[in-house]
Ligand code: PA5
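Starting off, we have a lone chain in the form predicted on its own, written out as structure tokens.
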């Protein structure tokens, strides 16, 4: 993985960057010493080293069991309880010709139409449920679990019990109590790991393994990042805070491959929920290029100059398809005939960066050699580490989310929930 800051640091002088870099280095020491705000939620920091071989073996065993019993695994969760897994599965599997057990997601919204369409789809499928929630009382997944559990028991009778898998807190919460009472197979979310940092726990690893992805390699990538990405995590955190200090308050994550759409969604939650508090924070947004150059491209090029970009680019996308030579240039494409789509996509990326920098949009670039489980694990840990550092530079607690409760109180009051 390579971090390129040239097209970002050219918007500031050297001393400005050196000053914020010192703050980022101090913030990293605060993170490593576990003496900063929210230090009781730093279980993710050494997770790649501490997750046991026995737990990994058990996750893979149950994943194989689910693959053997079901065409579909329904993952019930919201926010960090499902985004990390979905991001990995979308990035690392073929979106069209899926092999093995299909993964679908519910409990991340309260749309009746969506739920009904999923129930209809499952009528002729063998399926299992993986319910992911630390407390078990989060409204959206709790509703989904009630609905899909009823449908599962209606279809499979008592056998349904063997098709429910719970991922929740080790000791407390309603979902843990349900798992104990009903005897469901269960996994633990460490109490010192928050949802948005939980992708490398059973929370993410079970559905990722069910999708056929090598979780051993993913954890190896995270271990590599733990040992080798500290310097670039500090630099990325410093660069984005430098941009914030220069009133660049919106960061746009840019990808050039549709398989990374949900990685951007995971990143948006990680940074938005970690930094957006105390009336501070860089607003995380995202675009899928070149698609969004035909929708958001105009604004990015010439809109309000309060944005900067972080571009993720896969250097080797493993594709070989080329633009054919048709002996007929009626479409005007002969200038790129016999060129690979990989090459054309890269030139689109390079050209867009040049245009945006010229248009006063700083660009941070992150290059990875290829998208595989190892590099994905490395990318996840890098962004988690940089997020913790960046939050401390900003002066907030990157590991709480007090504002999330505000909408719930209003919603519960309107719904007539006791106590509200």
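Keep in mind the model is a prediction, meaning the values are calculated, not measured. Numbering follows the first chain given and starts at 1.
Form predicted in complex with the ligand: not shown, discussed below.
Highlighted residues 28, 241 and 385: none comes within 4.5 Å of the ligand in the predicted bound form, counting any heavy atom. The stretch from 224-232, 210-218, 195-203, 253-261 that comes within 4.5 Å of the ligand in the predicted bound form, counting heavy atoms only, is 195-203. Within 4.5 Å of some heavy atom of the ligand in the predicted bound form lies at least one heavy atom of residue 135.
Using a 4.5 angstroms threshold between heavy atoms, residue 401 counts as touching the ligand in the predicted bound form.
In the predicted bound form, the ligand stays beyond 4.5 Å of every heavy atom belonging to residue 130.
Proximity of residue 79 to the ligand in the predicted bound form falls within the 4.5 Å heavy atom cutoff.
269 is the sole member of 269, 186, 289, 101 with a non-hydrogen atom lying within 4.5 angstroms of the ligand in the predicted bound form. In this stretch, 273-307, the one residue having a heavy atom within 4.5 Å of the ligand in the predicted bound form is 273; the partner itself is omitted from this view.
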